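As structure tokens, one chain now follows by itself in the form predicted alone.
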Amino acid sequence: MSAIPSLRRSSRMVQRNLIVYKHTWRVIFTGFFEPLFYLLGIGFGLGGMVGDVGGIPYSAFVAPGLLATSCMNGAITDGFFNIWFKLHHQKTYDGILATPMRVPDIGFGEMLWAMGRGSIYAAAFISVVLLMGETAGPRMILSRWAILALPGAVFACAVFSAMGLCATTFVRKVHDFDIAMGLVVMPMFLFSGTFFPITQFPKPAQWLIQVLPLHHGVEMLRQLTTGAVDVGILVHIAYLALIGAVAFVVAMQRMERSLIK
């Protein structure tokens, strides 16, 4: 990476996106509903037949997994799809680079915007989970540690945003999105421990799952919302931080090769 991004210049990318979404702001909230519907259909519907998992209500087990999914949804929408179209079709960044903005400023600014979108999803999801637990039951926030769930979710959003930005630089055709969604995102969603403990799988499968970033996001947030916090949470945080940092560096290097001719 040729330069460290400037927070001041990167914030201009966030400002630009705010202006673009000024009249279509409702689109931003669409990604929030998918995990909410899963929570209602699976957490409460199926949860009524499943019972407790590990001594906690099934809805309380599923909720932090779907919270992590909300973080990932925001990153995929803005850190993956939208950036790819700006990069390859709209040629948005070609004009921006004619200003004092540099590639790292653009990349970090887009990452901040994607992180912000995912954070909105996370905050809204936590509010709904808290409200539903207090009014409809059973409670899904079981510990005072949950006060750190929102900062943890914002951290997860930053990591997934960096990963989405990195993945964008490897996509060459629109059809590649089907491969990424079908072979990467969907398996992560289904097998990262969101809906059931990964101990249900054979040991080799468990080792593979533990490589998935979403699994570490799910486990980090589940520990915070259920109160089962132990030293393992530091492992989850460190792994996510490493993945996010590596993804961002790789993304910047590849974006520079693509944009600087």
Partner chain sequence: MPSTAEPFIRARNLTKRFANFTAVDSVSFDVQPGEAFGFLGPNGAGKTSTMRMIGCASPVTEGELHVIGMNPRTEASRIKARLGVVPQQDNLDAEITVRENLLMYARYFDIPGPIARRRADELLEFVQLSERANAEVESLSGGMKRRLTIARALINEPEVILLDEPTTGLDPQARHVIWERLYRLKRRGATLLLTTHYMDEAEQLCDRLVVMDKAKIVAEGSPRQLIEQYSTREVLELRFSDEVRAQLDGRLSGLADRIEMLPDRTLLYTGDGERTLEQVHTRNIPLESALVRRSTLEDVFLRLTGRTLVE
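Predicted model, so just to flag it, every value in this text is computed and none were measured. Numbering follows the first chain given and starts at 1.
One more form of this protein should be noted, the form predicted together with its partner chain, which is absent from this view; the next part is about it.
Heavy atoms within 4.5 Å of its partner chain in the predicted bound form are found in exactly one of 101-109, 172-180, 186-194, 117-125, that being 101-109.
When its partner chain is considered in the predicted bound form, R144 lies well away from it, no heavy atom lying within 4.5 Å.
Looking at Q90, you'd find a heavy atom of it within 4.5 angstroms of its partner chain in the predicted bound form. Put simply, D94 is close to its partner chain in the predicted bound form: some heavy atom of it is within 4.5 Å.
In the predicted bound form, its partner chain lies farther than 4.5 Å from every heavy atom of L7.
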